[in-house]
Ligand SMILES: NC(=O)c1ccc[n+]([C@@H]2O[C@H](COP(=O)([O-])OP(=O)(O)OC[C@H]3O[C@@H](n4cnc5c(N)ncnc54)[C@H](OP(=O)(O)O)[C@@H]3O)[C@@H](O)[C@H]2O)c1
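Only one chain is given next, in structure tokens, and it is the form predicted alone.
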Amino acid sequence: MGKKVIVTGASRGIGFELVKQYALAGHEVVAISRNLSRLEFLKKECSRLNSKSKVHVISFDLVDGDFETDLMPFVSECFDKVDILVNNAGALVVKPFTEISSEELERVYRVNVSSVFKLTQLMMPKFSEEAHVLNISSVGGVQGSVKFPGLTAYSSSKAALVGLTECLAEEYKETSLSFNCLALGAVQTEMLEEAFPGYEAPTSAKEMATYILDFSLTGPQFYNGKILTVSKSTP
């Protein structure tokens, strides 16, 4: 039976590939991003892959958008219940620590942490009984991992996402909900190119999307409140 899925950051990279794979597998998806033209292209790609695909797209800004007025009514029009929420959207700034402005820091945290907190909070009444909330973090957000200069805002925000995942799993441990976090290593995406120009990652966005899709469906059988590093390289 197809799942009802929400994916943020769906206009490029892993999110784009992930929505396509959900659609191809017969799952129904709400794809969220600011870039409407890319979302429309994504929807056409999904229809090409599966003529019966059900992909709903909404242009929404996770920083400045009104969740209660604009996003949640759209989700409610599409789904009665939600089975999987993939908090994939991410923001990055690559600068020396002393050059990161308060505005840049705030934006990174609002996308990478606050929006996840807010969306998950608002989704609680809509989750199906055994829903899975899957947060996409980074190896750089894992305690004891290799850290890289210029990524203090990004990596620290991803560390906050790790902590949030563990807290949610504990708070809802008496329910059938699952909360997990995948801390990704290097994946060939636009964001990686921004952080490490010229670096060629050993894993493609499509390959990582395949892993994430499978984990979103099967992970709750084995994991809850877990932070799993998914990487075969450094970074």
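Counting begins at 1, following the sequence as shown. For clarity, every value in this text was computed on a predicted model and none was experimentally measured.
There is also a form predicted together with the ligand; it is not shown, and the following applies to it.
*Asks:* Decide yes or no: are Glu129, Ser178 and Gly219 jointly within 4.5 Å of the ligand in the predicted complex, with each residue judged by its heavy atoms?
*Replies:* Answer is no for this spot.
*Asks:* Tell me which stretch of 82 to 90, 95 to 103, 69 to 77, 144 to 152 has a heavy atom within 4.5 angstroms of the ligand in the predicted complex.
*Replies:* Looking at the partner contacts, the answer comes out as 82 to 90.
*Asks:* Can Leu62 be called a contact residue for the ligand in the predicted complex at 4.5 Å between heavy atoms?
*Replies:* It does: once the ligand is placed as it appears in the predicted complex, Leu62 has a heavy atom within 4.5 Å of it.
*Asks:* Can you tell me if Arg12 lies within 4.5 angstroms of the ligand in the predicted complex, counting non-hydrogen atoms only?
*Replies:* Within the cut-off, so yes.
*Asks:* Since only the chain is shown here, I'm wondering whether Ser53 would be in contact with the ligand in the predicted complex (any heavy atom pair within 4.5 Å).
*Replies:* No, Ser53 is distant from the partner.
*Asks:* Is Ala31 near the ligand? Define near as a heavy atom within 4.5 Å, in the predicted complex.
*Replies:* Although the ligand is absent here, Ala31 would stay clear of it in the predicted complex, with no heavy atoms inside 4.5 Å.
*Asks:* Consider the chain as shown here, without its partner, and state which of Glu190, Glu40, Glu200, Glu171 has a heavy atom within 4.5 Å of the ligand in the predicted complex.
*Replies:* When the ligand is considered in the predicted complex, the option within 4.5 Å is Glu190.
*Asks:* Which of the residues spanning 135 to 160 lie within 4.5 Å of the ligand in the predicted complex, based on heavy atoms?
*Replies:* The stretch 135 to 160, when checked against the ligand in the predicted complex, contributes Ile136, Ser137, Ser138, Tyr154, Lys158 at the 4.5 Å heavy-atom cut-off.
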